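Just one chain follows, in the form predicted on its own, and it is written as structure tokens.
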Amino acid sequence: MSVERSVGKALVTGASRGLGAVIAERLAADGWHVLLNYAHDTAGASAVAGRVRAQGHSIEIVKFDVTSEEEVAAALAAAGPIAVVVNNATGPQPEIPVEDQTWDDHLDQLKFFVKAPLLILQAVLPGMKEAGTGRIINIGSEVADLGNPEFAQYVAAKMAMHGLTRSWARALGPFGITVNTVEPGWIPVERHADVAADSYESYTKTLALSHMGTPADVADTVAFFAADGSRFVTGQRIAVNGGKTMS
């Protein structure tokens, strides 16, 4: 099957599985040449790329640690100009009682949600400025609004990530670059395979819409922010969680 013409390059970090994989597949279907980033799961990344190519879309795999200054700089220098960045990569997300949390627990989260987006932005920014356009899409979490207990290190880092969104939107707007946050709720993916049915039922009861969301719901919102139709939207945080959080 022939590959369609690309509308530009879109980097999706942490895309070997879960939400990242579905986002990568959706952007590829929209005509973007997707750079599928991963750090460890080679088999998963290959499977995602295989599905995309089987549909005739354009994708390549770029392995690097998003928290490493050296690896980010090298990989993105080799990639060439990038029009869209989706900051989706994450690490372990343990629940830790507040009295047991350490500063290193907080740093572990900040590395993914503040350091990594900063490193990536600085690598792609010259090309976006030269092009006079660009899209930065940060994947947040509803926990930033809910303040889940025993999760302060993750909650704080996700809120900090949206702080980047707001500041960068003002700083980069004059260059035609938009920056937005997509904030999923609990969207079941592979790692939730063993979650008990009553947990789904309890969560669903808290939603304005009476059903769980899917990864495609998140990918659709990301696709909107990547597309030209979102050109006058920046600095925003859109919750994709069936109305669980409203403001």
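Numbers follow the displayed sequence, beginning with 1. Bear in mind that the values here come from a model prediction, so they are computed numbers and not experimental data.
Separately, the form predicted together with a small molecule exists; it is not shown, and the next lines address it.
Answer for residue 140 alone: is it within 4.5 Å of the small molecule in the predicted complex, judged on heavy atom distances?
Although the small molecule is absent here, residue 140 would touch it in the predicted complex, with heavy atoms inside 4.5 Å.
Taking 4.5 angstroms as the cut-off for heavy atoms, does residue 93 touch the small molecule in the predicted complex?
Yes, contact at 4.5 Å.
So in the predicted complex, does residue 135 come within 4.5 Å of the small molecule, heavy atom to heavy atom?
Answer no; every heavy atom of residue 135 is more than 4.5 Å from the small molecule in the predicted complex.
With a cut-off of 4.5 Å between heavy atoms, is residue 217 one of the residues that contacts the small molecule in the predicted complex?
Contact with the small molecule, no.
Quick check for you: of 172-180, 99-107, 125-133, 153-161, which stretch puts a non-hydrogen atom within 4.5 Å of the small molecule in the predicted complex?
Of the options given, it is 153-161.
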